[in-house]
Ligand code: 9MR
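This document opens with one chain alone, in structure tokens, the form predicted alone.
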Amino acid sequence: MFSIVALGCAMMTPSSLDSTGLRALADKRHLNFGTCAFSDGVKADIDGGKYRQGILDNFNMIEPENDLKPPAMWQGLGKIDFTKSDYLIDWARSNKLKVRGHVLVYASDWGYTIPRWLLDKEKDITPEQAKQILHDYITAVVGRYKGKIAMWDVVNEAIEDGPNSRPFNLRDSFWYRKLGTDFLVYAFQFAHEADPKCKLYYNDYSVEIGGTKTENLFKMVDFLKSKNAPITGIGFQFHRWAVEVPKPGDKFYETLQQIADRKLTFMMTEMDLSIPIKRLTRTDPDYGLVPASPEDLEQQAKSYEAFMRLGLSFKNCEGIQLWGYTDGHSWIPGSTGGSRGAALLLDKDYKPKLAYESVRKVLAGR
């Protein structure tokens, strides 16, 4: 069977890497360099300890992948289960890892975004009650982790991809139906009141390269600033194809410059750069993991280097975060039907890929 190991010409052998992980290099240049992580994996010390150790070796910041999302915690009015988030945040702090909070308001009704029980009660909830519910939830969550979480994704993915008639092309979500565009302002206000020192972000995908969705993002940001909402910055997810190689003056650079012009910071919050993969059945243990060709791994390394340089070229970049770091725990194959994958720095066996070395080179200032 064709395997990742067989692509030796496009992988980094242990002897070709120095013994220092990426974390030491990020620390040296005072860069927030992170990955998403999940509490169960850390607690169970999965993959023979490699998962936990890989985080500690390579990153100085983590973001709970799902453990802080409302459906994972919010069980009813006044009922919030902090078990998993407490564990992961305490573990991070004990290992001197910063924490990004994700997410307080996921402005969508579909997927793992909002508790079903809240949607079931919608017809009985008045706008005034919705505002109070939003206040109480954000106050409880942000207040619990006051001083423990460095920055929050306050609102996530509120802008719809296709056109609609709502302001800023907002999604038709529970919070919009109840509160209109004010839900955006309230969310930032409530988070700031609960932790005045915490940095507060709006986070979204496919807004980093210009176009209609990016224009709606800027309209929304300008609206928030006009309302004196305490927004700190924008989270650009950067789930991209590895064929892309940003260059100074292109749409990627232009978009980030517009954030700087608005006196806001930004973060690359969920970067993964996927490549074509060999088509396998879902039951195959290598599903979503085997690159279509060694050349794709070489291209991926070039893309990672270019995207890293993109972020670091701006003084208002507050950090770079990957959405995972090992292909063995990536959302990409499942979300693309197995057409794309192998999007991260390490393969499923935690062996560094060419992309790992390209990131190391950038962090080392080479």
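Quick note: we count residues from 1 along the sequence shown, nothing fancier. The structure displayed is predicted, hence computed values, not measured ones.
Another form exists, predicted in complex with the named molecule; not displayed. Remarks below refer to it.
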Handout entry: Non-hydrogen atom within 4.5 Å of the named molecule in the model of the complex for each of His239, Glu270 and Trp331
Key = yes
Practice task
Would you please decide whether Asp67 lies within 4.5 angstroms of the named molecule in the model of the complex, comparing each non-hydrogen atom pair?
Solution key: no
Handout entry: in the model of the complex, Trp323 touching the named molecule (heavy atom, 4.5 Å)
Key = yes
Handout entry: Proximity of Tyr106 to the named molecule in the model of the complex, heavy atoms at 4.5 Å
Key = yes
Exercise for the section: Give a yes or no for Thr232: in the model of the complex, does one of its heavy atoms lie within 4.5 Å of a heavy atom belonging to the named molecule? Expected result: no
Practice task
Note which of Asn156, Asn169, Gln189, Thr265 lies within 4.5 Å of the named molecule in the model of the complex, where distance is taken over heavy atoms; exactly one does.
Solution key: Asn156
Handout entry: Candidate stretches 59 to 67, 42 to 50, 294 to 302, 26 to 34 - the one whose heavy atoms come within 4.5 Å of the named molecule in the model of the complex
Key = 59 to 67
Exercise for the section: Would you give me the residues of 85 to 112 that have any heavy atom within 4.5 Å of the named molecule in the model of the complex, in order from first to last? Expected result: His102, Tyr106, Tyr112
